[in-house]
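Quick setup: one chain, the form predicted on its own, written in structure tokens, and binding and motion questions come after.
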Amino acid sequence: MALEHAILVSLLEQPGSGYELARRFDRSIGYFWTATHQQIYRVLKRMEGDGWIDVREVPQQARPDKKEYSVAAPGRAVLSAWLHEPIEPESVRHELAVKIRGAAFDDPAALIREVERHQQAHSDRLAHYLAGERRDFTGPEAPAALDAGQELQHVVLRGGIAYEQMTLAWLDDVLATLHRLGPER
């Protein structure tokens, strides 16, 4: 997937400025496809040049005008073509898993802190996902009926929740194994 596709999806969900788009990447889509703010702005400029997105100047009080981006017809066509292309199942490239296997040749207990750090990061991400789900899909402010876009956002979020829960269960297993093996092995 190219960053362009992630930007098109995000802009179809809601048009916005480059700054707003970068913030959305930081808060949601970035958990599935990351990009720096500089990359986003660079790709927006290229997409504008290719006619994939429209730009309109939005006047602001006491600040410079901002550019608001939205998807143009050619951008929709590019996204549609990409949506119909097959993709390869993702391979797992997991540095921590390689370190865990490598611990057999060193002190397994030496990895405990690193695994605990990963556990905290995944626990934090799970809490963030669950808070977003409560806010946007199941809480008192959630719409009674979801439109297709919201349904698809929710199913992706549920996948993220399931992934984090599975990862945390695996990290619990890793920690138990590391503690059991200890340095005396």
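Just so we're clear, the structure is a prediction, and the values are computed from it rather than from any experiment. For every residue, the number given is its place in the sequence shown, counted from 1.
Just so it is clear, the following notes concern the form predicted in complex with the DNA, a form of the same protein that is not shown.
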Notebook entry, point to check: Can we say R23, Q38 and K45 each have a non-hydrogen atom within 4.5 Å of the DNA in the model of the complex?
Noted result: yes
Item checked: Non-hydrogen atom contact T167 with the DNA in the model of the complex at 4.5 angstroms -> no
Check: Taking heavy atoms and a 4.5 Å cut-off, does P15 contact the DNA in the model of the complex?
Finding: no
Checklist line | Touches the DNA in the model of the complex: L3 (any heavy atom, 4.5 Å) | finding: yes
Check: Might A145 be said to contact the DNA in the model of the complex, defining contact as any heavy atom within 4.5 Å?
Finding: no
Item checked: Residue stretch of 120-128, 137-145, 154-162, 58-66 approaching the DNA in the model of the complex, non-hydrogen atom distance within 4.5 Å -> 58-66
